[in-house]
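Shown below, as structure tokens, is a lone chain in the form predicted on its own; questions about how it binds or moves come after it.
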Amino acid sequence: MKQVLVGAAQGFYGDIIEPAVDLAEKSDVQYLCFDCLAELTLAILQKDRQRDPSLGYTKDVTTTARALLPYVKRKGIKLITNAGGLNPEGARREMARIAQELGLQGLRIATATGDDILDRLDELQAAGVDLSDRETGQPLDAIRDRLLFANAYLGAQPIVEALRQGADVVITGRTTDTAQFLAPLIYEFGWAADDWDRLAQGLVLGHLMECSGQVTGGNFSGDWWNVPDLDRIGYPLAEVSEDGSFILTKAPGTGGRVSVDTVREQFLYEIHDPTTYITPDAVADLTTVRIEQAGPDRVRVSGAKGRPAPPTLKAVMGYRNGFMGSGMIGFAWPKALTKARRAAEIIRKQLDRLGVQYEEFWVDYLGVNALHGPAAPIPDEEKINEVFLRVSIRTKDREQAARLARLFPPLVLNGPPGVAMMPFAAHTRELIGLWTTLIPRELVEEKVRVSVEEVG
């Protein structure tokens, strides 16, 4: 019975490359799939593109190319990545440059574009599309003059088309997290676009693998202290059968753990309604999925049910949303928290006296409540050895936000005692807000284009 071997190579922009190399070197993986884009990542890439219009893709594509293109050439492994971000063509040029540098002629590198709708917003509105924000209901006009990017989420089909055209590497822009993993299954098994149950199984596969090491023992809330060799964790490898069922494992000799518990923890990650996991390719019902141990570091997953794909695609837009000024300073025992609170009070009064126009004012006490906020119980103050105070403000312009940083150094002599002698962590940065909406899919998909170029 035919099987397709799909490996997870990256779970976020900046992930390590060594586990992907382990899969390429130590297994018979056929496809290495990268999920590089969180919604936050697009904001990061936009800031890159503002500084240099040739950027806008994840810059670790260079590392990926150097590490893995030799395996593409030697073993026939295919790479599928949404590292193109806001500039898939830029990512292709960079990967082709590395291929030429390594002497790897003949590689076929594809891009799938059409997710970028920034220049089409007037056209879409003229067609009757309501681009109001789904969360607030605000009309697009509220932020239209501040828009920086706008991208719709594409599904697996453009990647499938690139594979049909003989691509060795496929680079996309904004896709769903699952698309990179589902596409090779559609291509290899010839699944129909309405084979909802098999597509749903492929979506489960993509969901389990999208966060790389999070399904093989990383970020595990069970007996994490017993997970072996996280310093050389192996990323998941799926052995997929034609009916869509699969076994999750990892490359031999790598660290981590593949168990029912590690798998089901990732299975529940970011799931809101388990009966309705919506993607552009299908809607999956996760309540029917079976997760079973099938041997050491081997877990079988089967049973997903699917329903027809939705008529709309989600789009995310980024817009200028003011500036943040932030600074941090530490205080030592005794009464470290009381000192930090007093310092925050001093800073706020000084901001008001200086006439700084801030819209929001945040105070966090690192070591006390910076992660859990009001839900964090405040311990006995005498037991708190040290606290770092972080103060942040949000303003409409950079100059107002930058005025906060100047207030931290004087606290060494003018504030409470016991200040930590450290470089004062103060900075100012532009904030990018996110806007989500739904667009009839045919209006997006009619503009999707696949292009394959061979490295000369």
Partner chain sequence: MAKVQLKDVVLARSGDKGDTCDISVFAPNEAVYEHLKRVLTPDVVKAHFGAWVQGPVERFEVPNVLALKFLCHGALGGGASSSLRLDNLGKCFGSNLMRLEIDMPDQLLNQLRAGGEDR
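Note that the coordinates shown come from a computational prediction; the quantities given were computed from them, not determined experimentally. Residue numbers count along the first chain shown, from 1.
One more form of this protein exists, namely the form predicted in complex with the partner chain; it is left out here, but the text below deals with it.
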Within 4.5 Å of the partner chain in the predicted complex, counting heavy atoms only, one of 345-353, 260-268, 195-203, 82-90 shows up; tell me which.
-> 260-268
Which pick from 425, 420, 431, 402 sits with a heavy atom within 4.5 Å of the partner chain in the predicted complex?
-> 431
None of 376, 118, 102, 230 but one has a heavy atom within 4.5 Å of the partner chain in the predicted complex; the exception is 376
Consider residue 142 of the chain shown here, and say whether it contacts the partner chain in the predicted complex, taking contact as heavy atoms within 4.5 Å.
-> no
4.5 angstroms heavy atom contact with the partner chain in the predicted complex for residue 218 | yes
Proximity of residue 362 to the partner chain in the predicted complex, heavy atoms at 4.5 Å | yes
Any chance residue 394 has a heavy atom within 4.5 Å of the partner chain in the predicted complex?
-> yes
Contacts with the partner chain in the predicted complex, stretch 265-302 (heavy atom within 4.5 Å) | 265, 266, 267, 268, 269, 270, 271, 272, 273, 274, 286, 287, 288, 289, 291
